[in-house]
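First, one chain by itself: the form predicted alone, in structure tokens.
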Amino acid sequence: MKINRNIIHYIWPVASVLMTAILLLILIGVDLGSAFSGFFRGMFGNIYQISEVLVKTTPLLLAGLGCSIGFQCGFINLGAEGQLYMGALASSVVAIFLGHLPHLLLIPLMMVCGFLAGGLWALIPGVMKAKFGLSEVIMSLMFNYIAIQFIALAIRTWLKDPEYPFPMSQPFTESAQLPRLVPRTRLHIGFIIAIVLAALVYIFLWKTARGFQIRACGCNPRASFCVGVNVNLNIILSSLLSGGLAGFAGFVEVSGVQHKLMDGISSNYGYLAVMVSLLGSNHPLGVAIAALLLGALDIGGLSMQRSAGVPTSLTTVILGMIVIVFLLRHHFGKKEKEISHE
């Protein structure tokens, strides 16, 4: 009976999302066969399509890991978008002004600067929460707009490529670009780095004393304080790591995909990272699966638009449905556990 209930808990969210998608496709008058054929062909049609899914997955995974660390400690980081932008800015500055450096020196320097820029951008709300009790939700969210507009200003003034009429930086040198994993695709080594970082985040949070303290602070900060854990220090550390991983996602995007800094470098990766973290239950493995799911959904939705004329806004609706049903699943699962304990 218990096995059957567990199966139902996994089946009904998927069935709900699938039925909603079918209903919406019928309402807009789209041929279901063409729509689903285009959707799956877009994700798995050839090597290039599969690689595009992984390209989309990479920044979602990195930023989602960052959000998960913050959430584990009770630091609700909604500023991953701004932190991603700041990481992209710092990495781009290094690539543009130090582009003459050799590849083996320049890439690590860009990594470190991207991580630090995103981490320091998240550190401000972290310190404000730890020291003054201010809401990190509002602060981190507002910092997104500051970061986005700051980059918009930079690429129109001191970072603008003088040889190009549109607002963007000059292209990176080859030594500032991440190597390709698969020839004639956009898939780069940043995907492998993201997988390695996911494993490291798991080891840190579940296999170290500091990681245990961070998770304890998120579960019960008062009890953690009573047993001698420095709650404020862990909040500050988790905010730094959370923003740092989002900033690292910015580095990966400009160095691995765009090869320059420009408006709209993020396809809402920072905002989607919150969804990735929630869907993955703030666990690195779950975050990786959720990032892959959302990356596939994005690429499949674009293919469905090209092949069957389905509006891409349908993908956004489906994303919202996924979040709602999986939150409901989590809620009902908790209720069942409470009833069984009683």
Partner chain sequence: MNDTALLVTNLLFASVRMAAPLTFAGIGESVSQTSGVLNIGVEGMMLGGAFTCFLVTTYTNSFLLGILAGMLVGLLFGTLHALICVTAKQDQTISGLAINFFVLGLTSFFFLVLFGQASTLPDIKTLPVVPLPLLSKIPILGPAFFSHDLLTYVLYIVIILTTIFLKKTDYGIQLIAVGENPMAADTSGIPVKRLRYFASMFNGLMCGLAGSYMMIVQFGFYIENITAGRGYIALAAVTLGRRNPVAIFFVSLLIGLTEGVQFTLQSLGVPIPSQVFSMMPYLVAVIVLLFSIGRSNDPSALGVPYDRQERS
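Keep in mind the model is a prediction, meaning the values are calculated, not measured. Numbering follows the first chain given and starts at 1.
Note that the form predicted in complex with the partner chain isn't included here; everything after this is about it.
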Among the candidates 132, 166, 158, 97, the residue which, in the predicted bound form, approaches the partner chain to within 4.5 Å (heavy atoms): 132
Listed residue (288, 275, 296, 35) with a non-hydrogen atom within 4.5 angstroms of the partner chain in the predicted bound form: 275
Exercise: residue 316 in contact with the partner chain in the predicted bound form, heavy atom 4.5 Å: yes
In the predicted bound form, residue 143 touching the partner chain (heavy atom, 4.5 Å): yes
4.5 angstroms heavy atom contact with the partner chain in the predicted bound form for residue 28: yes
The partner chain contact in the predicted bound form: residue 76, any heavy atom under 4.5 Å: yes
Candidate stretches 175-183, 105-113, 87-95, 132-140 - the one whose heavy atoms come within 4.5 Å of the partner chain in the predicted bound form: 132-140
All of 268, 310 and 328 with a heavy atom within 4.5 Å of the partner chain in the predicted bound form: yes
Residues of stretch 144-159 in contact with the partner chain in the predicted bound form (4.5 Å, non-hydrogen atom): 145, 146, 149, 150, 152, 153, 156
